[in-house]
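As a starting point, one isolated chain is supplied in structure tokens, in the form predicted on its own.
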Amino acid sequence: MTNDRPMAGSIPLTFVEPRTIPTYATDHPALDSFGRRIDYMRISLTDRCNMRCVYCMPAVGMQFAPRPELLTNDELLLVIRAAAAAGFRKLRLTGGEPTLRQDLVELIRAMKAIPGIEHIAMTTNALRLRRQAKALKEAGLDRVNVSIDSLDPLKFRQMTRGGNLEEVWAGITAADEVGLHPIKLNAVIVRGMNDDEVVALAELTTRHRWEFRFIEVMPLTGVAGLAEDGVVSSAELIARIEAHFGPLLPYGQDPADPARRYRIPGAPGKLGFISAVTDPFCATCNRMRLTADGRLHLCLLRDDEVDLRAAIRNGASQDDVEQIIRHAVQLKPWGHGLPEGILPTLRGMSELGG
């Protein structure tokens, strides 16, 4: 997979407000200016969370959006219908922590009924999943990713600033039992915190049909200092795992999947390595992010946004919103600016959902 930039004009890297939107054809899926089909929307349902993970939120000083600034259910569903009309097929519900939404089951049922939406996944810390898994599955949720950064209860509590590992395991078990498959577990590996558990985390795939994904810590607002010394490259992680288990076997790769996938020989599960910092996957990016306050965030590690909430509250119709989404896709940058020293300053991970 290559990440070389194509020969094309530069994308304006400024905050974007939709004013005069060109008219785009509506008889084909949205393609960006580099020819990538953008069909996957990650939707932050809330910026609030019941944990305070060290790589996601600062210990103090978090300010959450007032409720009137968040999209209402009707506004959110309008955006999803418009996105589906523009060719978006896959949704991922994120946060903050999406299970904090009191109407989550009803929202998922309504989303799944929208023509064109083929798949709905959710990323969760699983603290509430034990009680919710069955209802979420029945409403139409297809599968879950669960964040689990340590197998040591004390270290887990320290990294999440209060998380209960036992409850997380109960949530994973419940998701497994009701069929929210394939289950993927995520760990953000931070040097000096949990990098000593890499082999133990990988070993889970020798006992379960889960996919365990190792994620490099990213320099987002509020935790950028952690990324200066905390990044453990995927290459280093693979070397540590292979030193214990032997050479990993490459596994089938979806070009749009950010994870490089492998399998420990003989293991029923899989491993994935997401290397946004040291080996970016911008060439095959197919996603956009919708923040809880109604902005389309065009690249996780840039600040560019298009304000859908303002358009809707100024009377934009579903067709209008579809045109704005298609315009935002055209404005999507090629990739992040970390190699050039450009860091995101607008939002933290808890507002973007990863």
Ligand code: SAM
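The first residue of the shown sequence is 1; numbering continues from there. In this text the structure is predicted, and so the values were computed from the model without any measurement.
Not pictured, yet referred to below: the form predicted in complex with this ligand.
Taking non-hydrogen atoms only, residue 188 approaches this ligand to within 4.5 angstroms in the predicted complex. Although the partner is absent here, residue 147 sits close enough that one of its heavy atoms falls within 4.5 Å of this ligand in the predicted complex. With a 4.5 Å cutoff on heavy atoms, residue 205 does not count as touching this ligand in the predicted complex; it lies far away.
Taking non-hydrogen atoms only, residue 121 never approaches this ligand to within 4.5 angstroms in the predicted complex. Partner proximity in the predicted complex, defined as non-hydrogen atoms within 4.5 angstroms of this ligand, places exactly one of 49 to 57, 316 to 324, 302 to 310, 27 to 35 at the interface: 49 to 57. With the partner omitted from this view, the residue of 241, 84, 215, 201 that lies near this ligand in the predicted complex is 215 [heavy atom within 4.5 Å]. Looking at 82 to 111, the residues that come within 4.5 Å of this ligand in the predicted complex, counting any heavy atom, are 94, 95, 96, 97, 98.
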